[in-house]
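Only one chain is shown below, in structure tokens, and it's the form predicted on its own.
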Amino acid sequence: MPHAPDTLLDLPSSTTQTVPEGPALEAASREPAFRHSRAQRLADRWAHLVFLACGLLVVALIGGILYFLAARGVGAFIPLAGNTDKVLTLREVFLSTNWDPNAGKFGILPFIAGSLTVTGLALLIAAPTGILASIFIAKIAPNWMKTLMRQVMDLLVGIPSVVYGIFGLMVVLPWVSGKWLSDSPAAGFAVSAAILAVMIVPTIVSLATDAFESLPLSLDEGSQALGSTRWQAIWHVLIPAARARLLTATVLGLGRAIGEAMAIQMVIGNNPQWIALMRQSTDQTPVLRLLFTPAATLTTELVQELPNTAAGSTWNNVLFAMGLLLYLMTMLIILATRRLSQRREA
């Protein structure tokens, strides 16, 4: 009776495989796993060049904007060809509150303080509201409501800023003036910050929702399995886990807020001497004087005065210096946030 093969050597010769040896093995090892045609290799090379060109174009645009602003802005402090007026010192521009170009006074400190104040107030409203709304969308809302709120946030992001400004000018300002200030003008930081907060909340909500949805489900399920309530799991586990991305979302909202001009210009009052006016006013408490004194920011002053100044004049150069300062502030905020986020993630 035939017996079964006990070893591989007993297998029939038809089932054995020939293993290349020597030069044949070396040649096979050098063979690529797949081959590209000449047209495919050429297409890959051109795609690489296109991607490289796009990346270099973005860098060139950023550098070009910086160079353009710097080339015009430093003309306020350094005598350059094309300047038609006197040059100023850094102290006269950045540390003075007196803005009167017709008298040769170019202190931009009120505009810097105005930008920081309205942006800070807007963030105090928008950041907690946006993060809490994102928690509701990502972890609590049913699917139909989640989809609806996502669409609403996308719609709010796409609304032009001038529409927000018109709404604030025609609806919010009269309502606040008649209801809270006895028909006194309501222009100032309060209404401006409220309008700006509505504008940046959708940005914060969208990015913060993505941050919570990207977290592993095991974090939420594990914390609740250990006895935590839903709110304890959110507060003690999910928010700390998403903290870096929440910070990024808030700062991106800050970047949009600090550069906004049109909506703010319609409701802030556009008074460059708002610090002196606030000090002189005695019919309101200090808080109301701060919130409802017509003021100005870097962006509103640029929009209002830059088209009406002569190129090369001190006034024009100072306005470009304000634009350069705004550009550098935004860039530094974004870079600092990225660095902080990388440290927290590490």
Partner chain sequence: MPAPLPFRPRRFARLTDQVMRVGLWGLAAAFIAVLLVFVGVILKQGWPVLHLGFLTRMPETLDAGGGIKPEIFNSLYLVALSLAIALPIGLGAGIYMAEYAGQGRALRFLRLCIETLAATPSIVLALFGMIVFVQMMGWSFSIRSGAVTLALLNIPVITRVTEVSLLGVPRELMEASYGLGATKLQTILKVALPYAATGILTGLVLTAGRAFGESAILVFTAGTNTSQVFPDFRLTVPGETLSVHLWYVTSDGTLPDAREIAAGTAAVMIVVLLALNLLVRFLDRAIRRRTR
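Since this is a predicted model, take the numbers as computed values, not measurements. Between two forms, the rigid core is defined as the largest C-alpha subset superposing within 1.5 Å. Positions refer to the first chain, counted from 1.
Same protein, other form: the form predicted in complex with its partner chain, not shown, and the subject of what follows.
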**Message:** Just checking whether Phe106 would be counted as a contact of its partner chain in the model of the complex - the rule being heavy atoms within 4.5 angstroms.
**Reply:** no
**Message:** How about Thr299 - does it come within 4.5 Å of its partner chain in the model of the complex, if we only consider non-hydrogen atoms?
**Reply:** yes
**Prompt:** Would Ser177 sit within 4.5 Å of its partner chain in the model of the complex, counting heavy atoms only?
**Reply:** no
**Message:** Can you tell me whether Gln265 touches its partner chain? I mean in the model of the complex, with a 4.5 angstroms heavy atom cut-off.
**Reply:** yes
**Request:** Have a look at 115 to 123, 272 to 280, 96 to 104, 134 to 142 and name the one stretch with heavy atoms inside 4.5 Å of its partner chain in the model of the complex.
**Result:** 134 to 142
**Interface residue in the model of the complex among Leu247, Val163, Val74, Leu181, criterion: non-hydrogen atom within 4.5 angstroms of its partner chain** = Val163
**Item:** Single option in Ala186, Leu88, Ala211, Met153 placed near its partner chain in the model of the complex, where near means a heavy atom within 4.5 Å
**Value:** Met153
**Asked** Judged by heavy atom distances of 4.5 Å or less, which residues of 313 to 332 approach its partner chain in the model of the complex?
**Response** Phe320, Gly323, Leu326, Tyr327, Thr330, Met331
**Exceeds or equals 2 Å, Cα of Gly64 between the shown form and the other one, core fit** = no
**Message:** Relative to the superposed rigid core, does Leu290 relocate between the shown form and the other one - that is, does its Cα move 2 Å or more?
**Reply:** no
